[in-house]
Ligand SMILES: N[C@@H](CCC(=O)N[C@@H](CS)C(=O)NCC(=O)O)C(=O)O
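Single chain ahead, by itself, as structure tokens, in the form predicted alone.
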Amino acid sequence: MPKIYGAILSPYVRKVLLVLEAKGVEYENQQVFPGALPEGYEKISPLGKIPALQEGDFSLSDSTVINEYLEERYSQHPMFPVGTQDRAKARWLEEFADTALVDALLVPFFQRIVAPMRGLETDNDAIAKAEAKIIPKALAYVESVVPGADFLFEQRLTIADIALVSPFINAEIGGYQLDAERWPKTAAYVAFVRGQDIIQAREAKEKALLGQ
């Protein structure tokens, strides 16, 4: 059984857990938080990042690498599109989501949720700057590639959908509201993907954790 190390509110950890759940693979999740890593964690994740996977004597880190391993290891319910160009596009969208989109949308989440948990003050100037400049730049690209209320590829959930939507969940937790008038296709797309049973179930678990 795969063991996934990482805090479930991380958009990167969420990606991996959703892939496992979509494939129907049972797993164990050990909560690991950046800045409070357990002793010996670097043997599993040499860069000290989350998520990390351990399966028997085998270990691996980085959400993208882990998900590609899971795709090959567990063939049921493929998470990548079939065509060569579509698969490449899905990988690119995952990369964009993991970098530019996360960097933009996680500013409100970090400042309003993570910073207070670490005993730091919320930097409202950082939030204002992100909402005025950084987030619109990222959303302009998302608006140009998403189809509206539909999946990106083959009318089914793929890794690209999971990767793109995951940061929006964190942004909402951090108090950011997506402007549906300014970004209509993005808003419709995010609502559609988040409306899938598997993602609603995952969000319910996260909300239960926040409620605690």
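Everything quoted here is computed from the prediction, not taken from an experiment. Residue numbers run from 1 along the displayed sequence.
Not on display, but discussed next: the form predicted together with the named molecule.
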query	finding
Distance check, S166 to the named molecule in the predicted complex, heavy atom within 4.5 Å	no
Contact of P34 with the named molecule in the predicted complex (heavy atom, 4.5 Å)	yes
Partner contact for R156 in the predicted complex: the named molecule, 4.5 angstroms, heavy atom	no
Partner proximity in the predicted complex: K49 to the named molecule, non-hydrogen atom cutoff 4.5 Å	yes
The named molecule in the predicted complex: contacting segment from 57-65, 171-179, 157-165, 144-152, heavy atom within 4.5 Å	57-65
Residues of stretch 91-107 in contact with the named molecule in the predicted complex (4.5 Å, non-hydrogen atom)	D98
